[in-house]
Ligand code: NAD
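Single chain ahead, by itself, as structure tokens, in the form predicted alone.
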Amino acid sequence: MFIGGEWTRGSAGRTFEIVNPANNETIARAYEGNLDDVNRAVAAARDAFDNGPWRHMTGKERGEILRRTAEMIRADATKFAFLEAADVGKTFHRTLGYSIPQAIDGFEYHAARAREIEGKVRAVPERNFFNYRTWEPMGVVAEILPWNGPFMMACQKVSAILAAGNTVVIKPAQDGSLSNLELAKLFAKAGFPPGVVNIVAGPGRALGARLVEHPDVNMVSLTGGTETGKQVIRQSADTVKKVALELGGKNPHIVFEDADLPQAVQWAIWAAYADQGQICVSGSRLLLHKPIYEEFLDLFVNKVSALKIGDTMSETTDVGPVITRRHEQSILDYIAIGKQEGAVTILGGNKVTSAPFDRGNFIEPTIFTGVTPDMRIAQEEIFGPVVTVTMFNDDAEAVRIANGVKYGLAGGIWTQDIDRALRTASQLQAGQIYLNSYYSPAIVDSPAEGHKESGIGGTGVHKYMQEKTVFVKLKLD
């Protein structure tokens, strides 16, 4: 672990295995943190914020260190892509071509953003008064990360936390720790003062709960499941700390009759099967307008059936493994539930049992048709390579089906009618909408907040800051 600027073993001396989901072989071991280690990390972050130089440095000075970190990530891009692929099953070429550039962009963007955190001066009705408002760092931030994109998310979120002048304790997911621990080496080299960045790995529930409840932690930021987010809210009540939650999604991907079908099919595949569907914004609910239903479905099935399941390190692989045996079984259970509910599996639906993939956690890309909005597979987040297909008759029905879940994270819309596109986007109860694509090229520039049970807590660098207002009485008499 990395605490107070130094590498340290866990207090209890226990370790946990880091397992490659492609073959379930142990590829590394890491020290397992416990509550004492969390307390040490929080104490280091607290001291660094209260007594260290970080919060008092100019935005330019903080930005220079953040930019230096970005340059080191770029130099080690291949290594980080390899570690991410080996640890969580992402394909190497997608990680190198998409996730790593997004991670670098996070540090570069927030390096510049650190210099332009502005306040505001407001007029007040009373004579000889003026009012100014400023943004200040929260203090010690606990950032609890998920396993499905540990490196990119760590870079984007931690760079924002640090640009704002906070110190941080990072808690990576136990099933996604490897790249975060390697990232700590760069934090040590980049010039961050001791205690500004701390990383404690280990079992999530106990360590996360301690961070949430700790009185010296000013803010908790979590990316994870909705039920975990609800638990964080409950656990934070006694200390009334700021909580930011980026939670689950069951995202609609709407294709209207006037869509560019070949383009829509390609983006629907990306939306549904990138990273094996283990992305919170995955377009897992495909809603097809009745006039183009059959044509789109034929194209979609033909293209999805050609996806190659394979070695995560191969450039020709489209679909890798899901994260663990336990998660694999959860996905297979949902597939069985869909069949019991009356949905029809027209493609996939099985664990891959041919060698050598039988040693890993591989599931065939799966397509369900005949899915009604009330089915569990259309309501609950499966978080795997499973797409449900539902037909709609008109615009109003499309919006009604799209909004008919407890989540409100993202959504996609395909149409060549700009009025329909903007009208539908305004009607969708979701924080991130894609029109005629399913891609966010500038997510750090324009971050999104989940609606409904998909999240709370703000966006961007201000997510990790607090506002102060000051009223000044001037002696002008």
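From a predicted model like this one, the values you see are computed outputs, not experimental measurements. So that there is no doubt, residue numbering starts at 1 and follows the sequence shown.
The form predicted in complex with this ligand exists for this protein as well; it is not shown, and the discussion that follows is about that form.
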| query | finding |
| --- | --- |
| Among the candidates Gly224, Gly310, Pro373, Gly139, the residue which, in the predicted bound form, approaches this ligand to within 4.5 Å (heavy atoms) | Gly224 |
| Position in contact with this ligand when the complex is considered in the predicted bound form, options Ser99, Asn148, Ser284, Thr390, heavy atoms within 4.5 Å | Asn148 |
| Candidate stretches 261-269, 189-197, 354-362, 231-239 - the one whose heavy atoms come within 4.5 Å of this ligand in the predicted bound form | 231-239 |
| is_contact(Glu381, this ligand) in the predicted bound form, heavy atom dist at most 4.5 Å | yes |
| Partner contact for Gly204 in the predicted bound form: this ligand, 4.5 angstroms, heavy atom | yes |
| Contact of Ala336 with this ligand in the predicted bound form (heavy atom, 4.5 Å) | no |
| Non-hydrogen atom contact Leu347 with this ligand in the predicted bound form at 4.5 angstroms | no |
| Stretch 396-412 - residues with a heavy atom within 4.5 Å of this ligand in the predicted bound form | Leu409 |
